[in-house]
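So this first bit is one chain, no partners, the form predicted alone, shown in structure tokens.
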């Protein structure tokens, strides 16, 4: 079967759990920004947790089905509608041949994930179906969906309508969030006052928030006076080029921190003052512009505990959905 794209939405791409093993040559992992919601949507329809689905940003697409299918939507509060009638979020439901699936206006969060039983069966590129638009790689011709596209769907496995994610395993979507970070690698470039500003201020997410990075506005971060080292620029935030881990927070010009997400470049010349814990990257992914954000520093033991709790939550999700 295929799904016809009648309206593409604001920014809809094919994403799976991502491609690994190529960051050293400048190809980022891509994949769903909110990995938990991708897993939930896939498990609801009987897919492997990392199967390819649609990531729908702010405004959902309108899709026509040429055969019966089982689908589910998880993530942002963007109510799915079949032929204009509301369907539930975080629950699998059937669509019939000839049905049109659309979405209501978003009311919380930023990204919804639409999974279809069998998965979106576009070709794999470097081991993943994920779209990396900056490199024109994966998905549908390496780009966002466009009107008239036809999405092939794989062979479904066992699945049933009415399967639900329990309420206690659904994330709370808020306009006020805390994002846990490990300080470093270049937080030594901040004065005590600069560090206090970074951790003490409430930062507001700007409209510059996409798969590459999320830019925040707030106070200015004071840096330590120095003689610029050979190979670095004159700006206080410049460093000799270094690798950027996913989730690292760079601060060009010592203002407007940027959280680098799953389509970010692999290195550059701005100081990284902290790195977001992997389990909190989903929180960042569901942040819409004007979300108020506090950065909370944790130590290594706390970070490992957060990672273990995130893995346990994924385990409980898989158990709850069979």
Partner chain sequence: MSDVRAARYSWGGDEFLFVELAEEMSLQANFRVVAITKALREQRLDGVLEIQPANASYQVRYDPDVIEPHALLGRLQELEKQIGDAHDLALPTRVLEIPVLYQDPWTTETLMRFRDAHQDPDSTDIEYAARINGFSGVDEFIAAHSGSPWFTSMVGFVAGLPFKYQMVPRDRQIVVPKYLRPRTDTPKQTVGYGGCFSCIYSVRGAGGYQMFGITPAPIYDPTQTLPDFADFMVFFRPGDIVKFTPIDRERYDAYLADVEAGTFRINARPVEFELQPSLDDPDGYNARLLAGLNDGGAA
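Everything quoted here is computed from the prediction, not taken from an experiment. Positions refer to the first chain, counted from 1.
The following text describes the form predicted in complex with its partner chain, which does not appear among the structures shown.
Trainee: Can residue 76 be called a contact residue for its partner chain in the model of the complex at 4.5 Å between heavy atoms?
Mentor: Outside the cut-off, so no.
Trainee: Although the partner isn't part of this model, could you tell me whether residue 171 comes within 4.5 Å of its partner chain in the model of the complex, counting any heavy atom of the residue?
Mentor: Heavy-atom contact with its partner chain at 4.5 Å: absent for residue 171.
Trainee: Would you check, heavy atoms only and a 4.5 Å threshold, whether residue 272 touches its partner chain in the model of the complex?
Mentor: Judged by the heavy-atom cut-off of 4.5 Å, residue 272 is in contact with its partner chain in the model of the complex.
Trainee: Looking in the model of the complex, any heavy atom of residue 158 within 4.5 Å of its partner chain?
Mentor: Contact check for residue 158: no, nothing within 4.5 Å of its partner chain in the model of the complex.
Trainee: Only one of 55 to 63, 42 to 50, 22 to 30, 289 to 297 has heavy atoms within 4.5 Å of its partner chain in the model of the complex; I'd like to know which.
Mentor: Answer to the contact question: 22 to 30.
Trainee: Which pick from 188, 217, 150, 175 sits with a heavy atom within 4.5 Å of its partner chain in the model of the complex?
Mentor: Only one listed residue qualifies here, and that residue is 188.
Trainee: Among the candidate residues 246, 196, 82, 94, which is the single one with a non-hydrogen atom no more than 4.5 Å from its partner chain in the model of the complex?
Mentor: Partner contact (heavy atom, 4.5 Å) among the options: 246.
Trainee: With the partner left out here, which residues of 118 to 147 have a non-hydrogen atom within 4.5 Å of its partner chain in the model of the complex?
Mentor: Those in contact are 125, 126, 132, 134, 135, 136, 137.
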